[in-house]
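First, one chain by itself: the form predicted alone, in structure tokens.
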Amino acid sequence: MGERILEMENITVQFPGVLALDGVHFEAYRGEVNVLLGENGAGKSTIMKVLAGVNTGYTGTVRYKGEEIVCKSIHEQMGRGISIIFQETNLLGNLTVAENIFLGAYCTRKGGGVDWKRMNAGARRLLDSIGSDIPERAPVSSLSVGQAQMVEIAKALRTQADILIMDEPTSALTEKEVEGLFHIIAQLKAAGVAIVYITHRLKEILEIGDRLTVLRDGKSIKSLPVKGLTVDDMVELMVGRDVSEQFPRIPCTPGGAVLEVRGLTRAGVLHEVSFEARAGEIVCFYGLMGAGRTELMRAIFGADKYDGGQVLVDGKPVPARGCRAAKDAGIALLTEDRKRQGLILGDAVGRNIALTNLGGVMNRFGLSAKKEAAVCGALAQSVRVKTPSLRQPVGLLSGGNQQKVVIAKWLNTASRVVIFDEPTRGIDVGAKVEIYKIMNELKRQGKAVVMVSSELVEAIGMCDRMYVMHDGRITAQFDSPEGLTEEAIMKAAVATA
């Protein structure tokens, strides 16, 4: 254990109707990775936002490098050497990658003006250092979620921080990018940087963690060395109970095809993709980053145009006229980026749930608060959304509860096909099991459930059938979970014989 660089004592944060942190204690040491562990809503991101200067309405004491400080702003904390990589990217889409990396610290010429050559070269060096081939001059609006996360990491490394906070940094990264990040973390540790790491991927903790700090319901539970712990130990510490059945798949006798996709093609993206999803089954799509899984789901839902092929629901062609036509045909899509594409963060929980079926909460005078409370309240309760009230802004909920709001929103329709694109990204073990149980219930109701997942163990654990994609094509089909192996799936994912 190196020198203690940070001590946070009795940190308390109160949000409207929620005690987010209740007397939490946290420490960080130079050259050490301290992993913050807890379920969604445990307070992990909240206490790190206090340290980063984002949540300024706190009580308690923060000591940094032996001196008591007040965390007033993110700019002031960065000046002290405390940087944060947020779970959700905070980049400006109209600027280039280099401009975002050097935002607020542009390289300038002696005579004035921006030294673009030096700034682009600096961005290139930072991107190369984390093994990223993202063009430094590319507009951020053109990047995928994973690429944007790599830009956030490069941006944080530019500040040469003494404490670097990483909130779910690998949630959208490829395996190669994760390896590069872990290599950078090892280098930062060797240089004496204190790393605070938040993740729900428990195997990552065993690989890079030195110390584990557990929060539960906004309170400190335990701080202990990672060495000697098992995944089961961490699950029990996190949820306070034994989660024995991680993937609660239920047996199924599927009915006829509900969703049929025939020869779907989009130039340079999808190549004559055909598959079906039957009533009462969960069909999983697996593939590496860039395989075309999300692009396929967006095309099916009408969010992206396609050049050829056909989508049918219950044998009837779905007109290629956008999302409304797909929704009217009985297709629901829970997007991979719930914050940007699935929710209106500043609006209330109830209003978000009502959005997909406003007609159901209206009377002849317009929106009915009484109807909205009854309909949306029942839906929120059915998926166990934890919220002080339906009037709570959905942006104040934890990631897991936000995902449940997205699910409730689509349960507010008469969907026959429910597509889950990365439904458990950034969600803890306990919340994942609840999401899986909701998927099982949809399966019992005879709906066709399509699940896209980057977690191979999850895909194997929940699928009734599986399709594997590579380079916009289906390269393998597995008609039963029995006998499925990671090796066979990965061969198909990289398109090897």
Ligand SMILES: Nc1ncnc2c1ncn2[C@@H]1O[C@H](COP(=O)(O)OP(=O)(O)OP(=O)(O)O)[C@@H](O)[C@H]1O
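What you are looking at is a predicted structure, and each value in this text was computed from that prediction instead of being measured. Only the largest set of C-alpha atoms that superpose within 1.5 Å between the two forms is called the rigid core. Don't overthink the numbering: it's just position in the shown sequence, from 1.
Only in words, not in the display: the form predicted together with the ligand, which the text now covers.
The stretch in contact with the ligand in the model of the complex, judged by heavy atoms within 4.5 Å, is 44 to 52, chosen from 63 to 71, 23 to 31, 449 to 457, 44 to 52. Scanning S83, S398, T335, S415 against the ligand in the model of the complex with a 4.5 Å heavy atom cut-off leaves one residue, S398.
The candidate site formed by E168, H200 and K386 is fully in contact with the ligand in the model of the complex, as each residue has a non-hydrogen atom within 4.5 angstroms of it. Contact check for E434: no non-hydrogen atom falls within 4.5 Å of the ligand in the model of the complex. Proximity of V18 to the ligand in the model of the complex: non-hydrogen atoms within 4.5 Å are present. Taking the partner from elsewhere, D464 is found to have every heavy atom lying beyond 4.5 Å of the ligand in the model of the complex. The ligand is not shown here, but in the model of the complex it comes within 4.5 Å of a heavy atom of Q392.
Once the cores line up, the CA of G426 ends up less than 2 angstroms apart between this form and the one not shown. Superposition on the rigid core between this form and the one not shown places the CA atom of G330 less than 2 Å from its counterpart.
When two forms of a protein are overlaid on their rigid core, residues whose CA moves 2 Å or more are considered shifted, and N401 is one of them between this form and the one not shown.
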